[in-house]
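The form predicted alone is given below as one chain in structure tokens.
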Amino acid sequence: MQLPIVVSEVGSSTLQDQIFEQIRAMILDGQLKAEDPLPATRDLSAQAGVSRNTAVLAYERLIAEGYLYTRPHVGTFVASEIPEDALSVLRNGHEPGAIEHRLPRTPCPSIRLQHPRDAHQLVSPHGSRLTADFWVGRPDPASFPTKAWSKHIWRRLQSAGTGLTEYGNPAGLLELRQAIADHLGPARGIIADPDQIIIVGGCQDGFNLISRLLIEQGTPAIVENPCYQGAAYVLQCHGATLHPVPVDREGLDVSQLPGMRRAVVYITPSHQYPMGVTLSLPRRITLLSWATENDAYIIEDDYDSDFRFVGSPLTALKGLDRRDRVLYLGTFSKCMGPGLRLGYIVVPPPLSDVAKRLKALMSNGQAWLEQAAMADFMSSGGYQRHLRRVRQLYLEKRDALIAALDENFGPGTVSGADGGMHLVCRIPDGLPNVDEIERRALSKGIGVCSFSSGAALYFGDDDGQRRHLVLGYAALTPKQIKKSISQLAGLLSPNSHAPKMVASSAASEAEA
């Protein structure tokens, strides 16, 4: 064991005093804990560049004052009980004359972060585990392609060479970037060179990189209302001023885009979060024209576009972009699993070099093994087979949820039914608000989400967000879905005479 001790012959303190004070400070600060072993005096003297006698004398003083003790023929260890005078220093917070450390001012005082729920930890008020959790964005754990993934991991380990022992390209493994480019062409209509693609650790990492690239203090950031709070908060923390624009059944209402130049627009056009609507083609074209005219950039978050159940997906904004105004953000968190921490950004060519330099400063690249396995999984055709299988699996779960809602609350329109991994229901005035529904459901071991607990941000009157219930279904079985919705109906309408809960949405309203 080595200690971070630095001594200098310049100054009034002796070398012995310097060693004593630094080890004592490590003990008081908790860097060295009770029963931690210390290096032998021979090793310490060699490390610090002092005589062994100096190290011995420093240890003897620490032992004499009760900070250390020795075990004959074993070594020197931190004492289990700190001396009383040292305890008084800890109680007072600092030694006389010491510098007072203050917590830095938070850059985002208005932000309340919503952390994803842990299915293994969240419990009902009675202490029991949840029997069903409709948390949003959580893939089905049974859907992960364990056998194929293990094969690719093992193959790469066998031929790793220097892959695990050398730094890679901060932008990501070229094989994976090429595989992503090959996938995006037919899947999303995006023609991209691998040099435009940067591998990131999921969407949140991508938001931070894009914000460093585009945001300065006071930069206007146009966001959907409601929108995903994780993106909005990152933009705000980097200095952006948020300008919410409402969402209707065709997505972002582009007629209400403000007249401002050099703005950044954050949007989820394929499956708007949280409402689930799809941005119509005319509005996509209008938005791109507006961005070009106002020298603005668009952040296109295509977080779960792989799951489209009705018709063909519209070409991504990036696929329609001819003026390099769109930064496209994709992720493997929804189709594979967030534990992989793999996502990617397609950056316009004029921004790619500086974006890659920023990525190098942020993390110097993602883990090689996961990138290599994902590249093999995609190039082998296994990824496409996996998507087809999971898409069908989630369609069955979506149908089970809609059927359960119709059976227990009456038929109604559904928001977000055309794709994705969640639905949104509007609660009629005759039923409790979503906060009360959450509380009642949790008491019976069922987890449901309001906008705020489901990581959505709503700008406007409080009642607007308290009448929407977000139901993620991907991680539940059809049997769990049917039983839980039936239980929820019983909690809200014990006599089966309460008003029907209608899921208000966009696409289905348009069909009606």
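All residue numbers refer to positions in the sequence shown, first residue = 1. The structure presented is a predicted model; accordingly, all values stated were derived computationally and were not measured.
There is another form of this protein, the form predicted together with a small molecule, and it is not shown here; the text below is about that form.
Taking the partner from the other structure, the small molecule in the predicted complex has a heavy atom within 4.5 Å of a heavy atom of residue 268.
Taking the partner from the other structure, the small molecule in the predicted complex has no heavy atom within 4.5 Å of any heavy atom of residue 394. In the predicted complex, no heavy atom of residue 328 sits within 4.5 Å of the small molecule. For the chain shown alone, residue 303 is a contact residue for the small molecule in the predicted complex, at least one non-hydrogen atom being within 4.5 angstroms. Here the chain stands alone, but in the predicted complex its contact with the small molecule, taken as any heavy atom within 4.5 Å, falls in 334 to 342 among 287 to 295, 68 to 76, 334 to 342, 174 to 182. This chain appears without its partner; in the predicted complex, the one residue of 236, 433, 204, 280 with a heavy atom within 4.5 Å of the small molecule is 204.
Exactly one listed residue, out of 409, 377, 307, 228, brings a non-hydrogen atom to within 4.5 Å of the small molecule in the predicted complex: 228.
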